[in-house]
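Let's start with one chain on its own, the form predicted on its own, as structure tokens.
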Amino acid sequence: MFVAKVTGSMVSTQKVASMVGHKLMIVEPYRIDSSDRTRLVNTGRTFVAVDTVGVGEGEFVLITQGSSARLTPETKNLPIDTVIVGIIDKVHVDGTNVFNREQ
């Protein structure tokens, strides 16, 4: 699983039937900054993810990829590689608050 930020959404009117009705979001994975472990930094990658929890742009989320992305009840048997499985409220590392959704 990875921490990612939702940076946008995607609309695809032509797609396989099993994907109809699934919201597609643009996510960018983040990591703990190796030089300053009190903040998250972008990894420079971008993915399209299926939203299973109702996220909004700008939110930090928990994503999973690969075969694990097809193990949720909502994504079973879908042709996907990345799925949003949670909305992150807080991130603590080494006793330090790195991210708080309320701030």
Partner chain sequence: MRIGEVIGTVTLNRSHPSLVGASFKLAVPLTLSNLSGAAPILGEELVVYDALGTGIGSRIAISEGGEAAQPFRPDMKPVDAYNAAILDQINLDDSLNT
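Positions refer to the first chain, counted from 1. This structure is a prediction, so every number in the text was calculated from the model and none was measured.
Missing here is the form predicted in complex with its partner chain; even so, the following discussion is about that form.
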Partner contact for Gly54 in the predicted bound form: its partner chain, 4.5 angstroms, heavy atom: yes
Heavy atom of Val85 within 4.5 Å of its partner chain in the predicted bound form: yes
4.5 Å heavy atom contact, Thr43 to its partner chain in the predicted bound form: yes
Any non-hydrogen atom of Ile32 within 4.5 angstroms of its partner chain in the predicted bound form: yes
Residues within 4.5 Å of its partner chain in the predicted bound form, restricted to 66 to 80 and counted by heavy atom: Ser67, Ser68, Arg70, Leu71, Thr72, Pro73, Glu74, Lys76
